[in-house]
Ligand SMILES: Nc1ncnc2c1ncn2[C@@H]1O[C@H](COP(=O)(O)OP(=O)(O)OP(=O)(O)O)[C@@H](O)[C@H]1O
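Here's a solo chain for you in structure tokens, the form predicted on its own.
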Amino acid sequence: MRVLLHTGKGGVGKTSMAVATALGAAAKGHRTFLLSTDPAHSLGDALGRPVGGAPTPIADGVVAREVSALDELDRAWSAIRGWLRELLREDTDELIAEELLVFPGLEELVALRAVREVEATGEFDVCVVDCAPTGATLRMLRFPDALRIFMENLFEFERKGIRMLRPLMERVSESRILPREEFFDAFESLYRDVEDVRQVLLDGDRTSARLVVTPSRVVVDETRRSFAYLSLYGVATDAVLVNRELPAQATGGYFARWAEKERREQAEIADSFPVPIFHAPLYPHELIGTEALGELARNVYGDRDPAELFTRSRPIRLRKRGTRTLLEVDLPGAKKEEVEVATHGEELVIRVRDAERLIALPASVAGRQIARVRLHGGVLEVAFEA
């Protein structure tokens, strides 16, 4: 099943583009599921009709659903949260405790489990996802690394230690501070779910991100960073969707300066993103409903199939050059002074501005010294000693 993740800065028309992509894919004969994992759902607003948490047909060949992140979190997190709530209840206000018990990125990540449920039905060819805005999406991508480090380095040690301590602590009536076995079972289940979702996200043959942007400097700058961050975390972007471009006739009078500024941003967009770029005009009215958004799909994609894989790339890859092994990471838009690279045991640590990724190195290069680091043409090259 093809998975298309739509994200972008808040207010750029991400939801409208996601709906348009779903309608366009259905028009090409694909059985399409439209999924919103944005906590501030707006599918219903874009469609002009309620959607809700149950699968709802919205057009021929299209079923939609707004995933309740809180419900998904309850399913994945209830046993863990129960113990943490018990631990905090004497010293912390209940509402504050609830907020403390959700880690950044966790809600968005567990909501994406719904993609697996769509695939498991075997009834759909394409799943179009209206994701949270880019900031929340990037927090979601960071979470699996943190969870993996905990599971690989601390989890079993903690579990064995608790088993040894529990008989003693129960005698002194302090057992509530020790998690019970179901806590660890729930954590293992959560870890498996997170890993399953992560594998879907990293499967470049079926999953692509699509970045929605408007020709505005602030938006373009953030989208450029988002493209680099997605690549850093291994998620392939196959297209950029430019929304709300001024029509060609709006070049004189009041719009002259806006049109000139927009032309500069369009050139910047063309230079910044090494993927196909699609364009949508600024309409004289709001696009609400399947008919209007179907027209948007036709204007954006033309005769092309929206479910197509527009560019095939692996954001992180290993290559051989002579006797040296190179790790390459696509980081379009990143600057040399924004990138830091180091090794930590058998992992490579890459930091780009405020984003950090730990990349597990294969046995062929694990433990080797870094010979050279170069950022060239939007690609970070890390060469290891032979």
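Treat the numbers as computed from the prediction; the structure is a model and nothing was measured. A residue's number is simply how far along the shown sequence it sits, counting from 1.
What follows is about the form predicted in complex with this ligand, which we do not show.
Student: Just one of 142, 244, 224, 113 has a heavy atom within 4.5 angstroms of this ligand in the model of the complex, so which one?
Tutor: When this ligand is considered in the model of the complex, the option within 4.5 Å is 244.
Student: Give a yes/no on whether residue 378 approaches this ligand to within 4.5 Å in the model of the complex, heavy atoms considered.
Tutor: Output for residue 378 is no: heavy atoms all beyond 4.5 Å of this ligand.
Student: Since only the chain is shown here, I'm wondering whether residue 196 would be in contact with this ligand in the model of the complex (any heavy atom pair within 4.5 Å).
Tutor: Looking in the model of the complex, residue contacts with this ligand do not include residue 196, since no heavy atom lies within 4.5 Å.
Student: With the partner left out here, check for me: in the model of the complex, does some heavy atom of residue 21 sit within 4.5 Å of this ligand?
Tutor: Residue 21: no contact with this ligand in the model of the complex.
Student: Taking this ligand as it sits in the model of the complex, is residue 286 near enough to touch it, meaning that at least one heavy atom pair lies within 4.5 angstroms?
Tutor: Although this ligand is absent here, residue 286 would touch it in the model of the complex, with heavy atoms inside 4.5 Å.
Student: Considering this ligand in the model of the complex, find the one stretch among 275 to 283, 308 to 316, 261 to 269, 118 to 126 with heavy atoms no farther than 4.5 Å from it.
Tutor: In short, 275 to 283.
Student: At a 4.5 angstroms cut-off on non-hydrogen atoms, which residues of 126 to 142 are near this ligand in the model of the complex? List them in order.
Tutor: Sequence-ordered list has one entry, 133.
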